[in-house]
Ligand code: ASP
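Okay, here we've got a single chain as structure tokens, the form predicted on its own, with questions on binding and movement later.
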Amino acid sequence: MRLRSALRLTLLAAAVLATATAVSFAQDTAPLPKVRLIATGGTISNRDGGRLTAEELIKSMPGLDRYVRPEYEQFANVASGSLTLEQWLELSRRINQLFKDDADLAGVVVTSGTDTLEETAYFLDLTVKFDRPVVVVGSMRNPSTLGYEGAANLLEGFRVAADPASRGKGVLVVLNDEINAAREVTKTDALRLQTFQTRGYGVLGVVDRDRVVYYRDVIRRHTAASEFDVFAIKELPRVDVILAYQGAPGDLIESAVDHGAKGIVIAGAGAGATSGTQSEGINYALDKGAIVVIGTRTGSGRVAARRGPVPARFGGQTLTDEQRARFARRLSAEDLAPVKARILLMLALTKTQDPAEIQRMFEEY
């Protein structure tokens, strides 16, 4: 009897072990996530004697095949400031098309120069219409410099793009072991490796040796929830950023409008204060039908939007119809940095000229 029971237990244990081994083997042989690199250039590829190609960047990451099945393509190979608005549209269309055509594509990594990386990332955040991750990566040192960190940043970008937890978080920026949201991150130092930071809100997560870890989420509208469609946009309207400072002239604003600007973003002092000498230029822009958005040059903080309808009286005076129209077209950037407010305003103007609708967009995105 005891022998029979022992035999049953042995057979049961063997069956459990066989099942566990089969599950483990299935997990080990499951295909790795497929992630595509789209290289645009920047410091990360700017080697002395010639820029690294997308293929060379892939080869610079030992151990990449432990995490993903990499693909790559060369979109451009220039400094980030040399990318045009037309190329922004092309890049977004390309990413949208890749996701549409390949349901197995887990994510996309985009390399960019760091000088305008946050702008490119935010444009993609507003125009890529899928919840699969897009990760923008760069480096502060070039491949010919001692301490080049580009390969490490790129490997971490691939890991983030391949991680299921990255879905639905919008476009992500990965450098220096940290994950930031495209909407919030900004370059804060001209040279230091820790330059990309999210002031006031903090990082979304980190990339550690063992795994990708997230601590918070993004609640503003982005990517799959965006109303902007790059396939319907032929060109982006001109929007200029003007800095407020003591004695700043208004003729700079007038000139921008005369040269075709459909919108003006004022990087205001403090909570959106402008120079008294800019008032004439702002009114000129408003009278010409341009939208003027007021933000802050401080690097963080919020410029509150006006609530309710345009008042009939302001500052103790009854407003004329012309003054009320001006009032309506003067909007708030909320907490968006001026360079990002410009991007949102460009996209908003491709859909509507209604100031109330544009202000809604600034409150939702």
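Position 1 is the first residue in the sequence shown; the rest follow in order. The structure displayed is predicted, hence computed values, not measured ones.
The same protein also has a form predicted together with this ligand, omitted here; what follows describes it.
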Exercise. Using 4.5 Å between non-hydrogen atoms, is G113 touching this ligand in the model of the complex?
Worked result: yes
For this session: Report yes if any heavy atom of S92 sits within 4.5 Å of a heavy atom of this ligand in the model of the complex; otherwise report no.
Result: no
For this session: Using the partner position in the model of the complex, report whether T43 sits within 4.5 Å of this ligand, counting heavy atoms only.
Result: yes
Problem set entry | A256 within 4.5 Å of this ligand in the model of the complex, heavy atoms | no
Seminar exercise, completed: Note: this ligand not shown here; in the model of the complex, the stretch from 72-80, 268-276, 227-235, 290-298 having heavy atoms within 4.5 Å of it is 72-80
Seminar exercise, completed: in the model of the complex, the residue from S166, T120, T223, S139 with a non-hydrogen atom within 4.5 Å of this ligand is S139
